[in-house]
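What follows is a single chain, given as structure tokens, in the form predicted on its own.
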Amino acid sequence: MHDLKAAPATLGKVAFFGGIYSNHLALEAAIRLARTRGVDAMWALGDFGAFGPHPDRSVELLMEHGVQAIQGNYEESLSTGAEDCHCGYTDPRDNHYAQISYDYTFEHTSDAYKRWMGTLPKAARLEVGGQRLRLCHGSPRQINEFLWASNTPTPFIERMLKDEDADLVVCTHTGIHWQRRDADGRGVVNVGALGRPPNDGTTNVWFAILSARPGGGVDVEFVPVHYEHGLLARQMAQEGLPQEFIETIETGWWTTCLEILPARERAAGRY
């Protein structure tokens, strides 16, 4: 099994891209931004497809620009021929739209790229600023686990770090970026998603850069990405994707996959 990839080199500055969701325009813009910031490496933390149009374009960008990657639940499902995305939703409405997204992505992802996805590890380890990073999609214990800011207890984070022999867990899957770290800089960094805005009424998306401090430790910067969201919306419409998906790109408010949100995150949105 391709469970864990170890990267022995100590890095100074690393960009992390969360769920891309076929937003190839945002991915391209994020790669440009990361390069201007002088990063040593770029990592994609899974869910390259879903929600948006032309999923192969995102994979091609990852390969072209040397972005290293781990599997998300989408890559796991696509590479094994699963019938759904294994996104972790429980509500029928969430699952309805997730199935539309998965079926489109499965149909429009080449077999060669599906095979490539199957070769990716499910996790990786890096060292930045003397801190040990454990990369995953959802959480170290489950690829589709949602780690939300409002309901991830600090004792759970501390136990997770101990179990993983890590100082930082770097993840995505929720689509909303956040971090919680103690006085020693240990904790969780959820890098958010490039695929759609974080349900805040803005059209930009986000990724994260982790940088080594001169004296040791890590600085975390969440970087906004402004891209041609109107063009993406038009491409989505041309591909026959749901109007609900398009509205999110145009307005910055989530219209689908809402029922999974905890109360605090749901209250911050429009719907």
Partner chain sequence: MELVTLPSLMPTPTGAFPEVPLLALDTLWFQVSGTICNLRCQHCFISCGPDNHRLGMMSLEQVLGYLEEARDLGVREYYFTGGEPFMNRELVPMLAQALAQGPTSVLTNGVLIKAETAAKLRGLQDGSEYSFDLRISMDGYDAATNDPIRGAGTFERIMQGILRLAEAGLNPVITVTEALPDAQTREGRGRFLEFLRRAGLTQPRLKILPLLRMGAEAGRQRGYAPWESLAGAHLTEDELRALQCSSCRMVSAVGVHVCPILVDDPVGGMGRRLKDSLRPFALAHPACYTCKVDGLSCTT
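Residue numbers count along the first chain shown, from 1. Owing to the predicted nature of the structure, the values given are computational and were not obtained by experimental measurement.
Another form, the form predicted in complex with the partner chain, is not on view; read the next lines as being about it.
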(Q) Only one of these stretches, 111 to 119, 124 to 132, 164 to 172, 150 to 158, has heavy atoms within 4.5 Å of the partner chain in the model of the complex; which one is it? (A) 150 to 158
(Q) Counting any non-hydrogen atom inside 4.5 Å, which residue from 200, 145, 84, 94 sits next to the partner chain in the model of the complex? (A) 145
Q. For residue 262, is any heavy atom within 4.5 Å of the partner chain in the model of the complex, or not?
A. yes
Q.
Can you work out whether residue 186 and the partner chain are in contact in the model of the complex, taking contact to mean some heavy atom pair no more than 4.5 Å apart?
A. no
